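Listed next as structure tokens: two forms of one protein chain, kept apart as structure 1 and structure 2.
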Structure 1
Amino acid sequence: MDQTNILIEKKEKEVLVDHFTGRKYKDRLFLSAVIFFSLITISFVFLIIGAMVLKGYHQINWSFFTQVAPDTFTAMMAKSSGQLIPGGIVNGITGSLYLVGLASLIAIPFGVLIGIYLYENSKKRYAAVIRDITDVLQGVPSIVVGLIVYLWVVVHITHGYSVLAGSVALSIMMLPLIIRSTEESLKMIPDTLKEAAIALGTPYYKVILRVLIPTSFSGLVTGILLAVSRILGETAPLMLTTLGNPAINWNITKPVSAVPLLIWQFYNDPNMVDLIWSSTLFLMGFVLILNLLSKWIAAKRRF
């Protein structure tokens, strides 16, 4: 006992003398490093969005939203005479809305239904398999999704690049996001609520339609908005499925443009460079608004 005491006395001196200053110093140093690297992380947001705003704002005007993209010759002429490039990105905007709208039409109902299925059968092996496969699908690189849909739709169904192909590609990317967010927001509903409805003798389908879905509605909406904001900027899969179109197109079997596709096109055409940043700014603004909207809804929701 005494020996231990002496040993500990000795050790105590070590703590206080040898280690003390060094330890405090290391502690501070580490905190500074954490703050420093965190600042670097958030500085990228400023650098990227700042560059976009500075370079893009002057090209944003009325015609930007009402006219289709110019051809390269018009753009070159305007540039050489020192004017703003005429035209806009309305073919891209309408195309993006068309593609995303159609993709949502496919992905939302299926996603919500499958999400409910997973929630209802959470203990079943089959459901676990479906959940795992959904995770796999979510991890599939978007370019591979584009490639697959090319093989399915472009080759076999529309025999050419088309709105349908693009929407199918985007919907495959949305589906896992919606499934998982539906399941997660349903899981947040307390069991007691469900049991209360069942105890009243409510048929099960009504419990789902009248209790579960309304209660988790804002959760569902959050998930959907987030999914839409994710696919809005997708470019690679569209290059393989809808290609692009200089005019506005509403025919589902024909190619269509999209804002990200236009950006890619401008990037590859030295005469159009000026239009890149305004289009990017527009795209980013759109994505940002959806993001913030979903955050806002998520913050207000109860379940």
Structure 2
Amino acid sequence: MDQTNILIEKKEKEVLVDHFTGRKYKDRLFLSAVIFFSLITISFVFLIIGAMVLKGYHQINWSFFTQVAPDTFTAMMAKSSGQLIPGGIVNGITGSLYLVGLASLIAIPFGVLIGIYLYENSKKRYAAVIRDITDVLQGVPSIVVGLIVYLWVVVHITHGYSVLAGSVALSIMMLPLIIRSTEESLKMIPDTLKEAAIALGTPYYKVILRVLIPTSFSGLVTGILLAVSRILGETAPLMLTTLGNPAINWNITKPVSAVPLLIWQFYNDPNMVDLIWSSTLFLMGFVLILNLLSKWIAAKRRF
């Protein structure tokens, strides 16, 4: 009898060992598959970045940041003689900063205020309607936003392409991301924190300005950054609202250029191909700097 029990226990142990061995083998197999497919996905990103760096770095120099885009004849003569294309994209850089800055001035206050309203009145029917409209607006193609702003602003307000029209289009595209990121960031704050501030007799507006917004600062910055990163590369709405400008312009009622618009113009000119890669590399680097800066600000604010 004892011998039979020993054999049964030994058999059970062998079954358990085989079971755990099989699980370990499946786990390792699955982990290897995940790593393999992750490397394949990441490799495409590195290939794209590598292609931009290799084809665009030689065109980036001091004149790239200080001179306006050259004309077709100048670029053709430079390429025929084997020289770098003279000129740069300073009109696009200043135009992009102008458009994004003005769009941020419009979208950030409205987006944060609406996000706070949705957080404080999350169960009301009107808040649900605003949330649904925000979700729908986030999925609207950029060309449709540009067309609507063209009919609203270009035709009836500025009576022509302008910085104002482009900024309005970009601010509309920024709003959904800022609104939802503000609401979600505020939801992460413990209710006890707000209740403690109210229990101390703090006015409601000070609770929002001194407690809620500073506590959710990291999430707010992330949402704003995502919104800015989205509009930096938009071309379609700018083609319908700002059109472009070969010179630097600071007049809000006049057309202005932008880096995405210049990339599109360079794409349509075979003599400007080298500037496409340089401009794209600059745009990617600019977005990367914004990401790093926002992380640094959030970290400093947290401490």
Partner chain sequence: MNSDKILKYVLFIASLLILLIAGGMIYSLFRGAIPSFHQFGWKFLISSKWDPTQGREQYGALLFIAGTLFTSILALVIALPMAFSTSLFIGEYFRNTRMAAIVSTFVDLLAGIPSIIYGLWGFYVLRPFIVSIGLSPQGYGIFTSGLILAIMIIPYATSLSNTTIMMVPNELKEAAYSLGATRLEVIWNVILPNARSGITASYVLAFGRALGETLAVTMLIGNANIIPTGLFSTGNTMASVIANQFGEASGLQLSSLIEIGLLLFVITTIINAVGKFIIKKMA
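Rigid core: the largest C-alpha set superposing within 1.5 Å between the two forms. All figures in this text were calculated on a predicted structure; none of them were measured in a lab. Quick note, the numbers are simply positions in structure 1, starting from 1.
Between the two chain copies, the one drawn from the form predicted together with its partner chain is structure 1. For residue 281, a C-alpha deviation below 2 angstroms is recorded between the two structures after rigid-core alignment. The Cα shift for residue 268 between the two structures, taken after rigid core superposition, is smaller than 2 angstroms.
Taking the core as reference, the Cα of residue 41 moves 2.5 angstrom between the two structures.
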